[in-house]
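Presented below, as structure tokens, is a lone chain in the form predicted alone.
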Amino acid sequence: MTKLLIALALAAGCSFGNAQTQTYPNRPITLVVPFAAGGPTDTIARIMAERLRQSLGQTVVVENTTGAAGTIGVARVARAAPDGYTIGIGHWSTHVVNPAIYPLQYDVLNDFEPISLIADNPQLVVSKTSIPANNLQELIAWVKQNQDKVSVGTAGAGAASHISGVYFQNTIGVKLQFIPYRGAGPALQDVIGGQLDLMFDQAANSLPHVRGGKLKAYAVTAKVRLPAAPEIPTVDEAGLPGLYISIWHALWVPKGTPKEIVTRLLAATREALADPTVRKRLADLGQEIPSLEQQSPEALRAHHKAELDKWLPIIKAMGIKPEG
């Protein structure tokens, strides 16, 4: 009799779990952005959230959980219930760089279920408009003449903007002052306002301000020019060959999220990335959308692991210390 009761209880539990996945989603979903509002990750998240809402039939609420170069927001996702109602957006910095710098309470590769790569874009080398340089070589000369007082904004220790700046600093042989913020958005605003000199920023964040004449852009950290901004030369063309850094974004959910829910979220993500409006909005920000083959949990995991293998030794050698 006891065995029968246990079997019935297990069957009931399985039925309840299946019912949960079959009715998913039946309430609003939270999309956690580990950086401040107005930054590149936030911009991409809001574009995706708007379209995911249509596919999933539920509101997707963007929640900015900032601090420590994104580690606080990523930890929020790692601790969330694995029920599909908390999704995390992250990128190269949060899921590749941070393990080399921060004592994390989560494993970036194994404590999450991957959904899909969603966008990829390089950095732009930008400055406030008052700097008397019209190309990258002139900027480098100006930096070398003023290196004791040149300020560079970053989204925090180890953020993509910081790693790019250190990479640049080491390449040209200077020492710069890195000023950390709680996200790329606030840092860029101070470059625009003239309180900071330079920034290495994602094209998604900077391009609108470059087009508006509020920033100067000197180069893109890629082998090819951006289709959205073909007038900006590559670092190779501008005289600093090989300074490549590409910031890819992706979506994850907490480890243990049922496969059926991951599959549902993947389908919604693919629908969003196939939408012409979404594609245009991302392209206008300098984002490249991954191919359909790259839009899968398996492809994201493989890409993520390859990036960790490549960058961890390089970043650890930089000796960057955590904030605070």
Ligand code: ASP
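On a predicted model such as this, the values are computed, not experimentally measured, just so you know. All residue numbers refer to positions in the sequence shown, first residue = 1.
A second form of this protein, the form predicted in complex with the named molecule, is not displayed here; the remarks below concern that form.
Student: Taking any heavy atom pair closer than or equal to 4.5 Å as contact, tell me whether residue 185 reaches the named molecule in the predicted complex.
Tutor: The answer is yes: residue 185 has a heavy atom within 4.5 Å of the named molecule.
Student: In the predicted complex, is there a heavy atom of the named molecule that lies within 4.5 Å of any heavy atom of residue 95, even though the partner is absent here?
Tutor: Although the named molecule is absent here, residue 95 would stay clear of it in the predicted complex, with no heavy atoms inside 4.5 Å.
Student: Answer with yes or no whether residue 41 is in contact with the named molecule in the predicted complex, where contact means some heavy atom within 4.5 Å.
Tutor: Residue 41 belongs to the contact set for the named molecule.
Student: Applying a 4.5 Å heavy atom distance criterion, does residue 253 contact the named molecule in the predicted complex?
Tutor: Close contact is absent here: in the predicted complex, residue 253 is far from the named molecule, nothing within 4.5 Å, heavy atoms only.
Student: Among the candidate stretches 111-119, 72-80, 208-216, 85-93, which one is within 4.5 Å of the named molecule in the predicted complex when only heavy atoms are counted?
Tutor: That would be stretch 85-93.
Student: Looking at 198, 160, 101, 124, which is the one with a non-hydrogen atom within 4.5 Å of the named molecule in the predicted complex?
Tutor: Of the listed residues, the single hit is 160.
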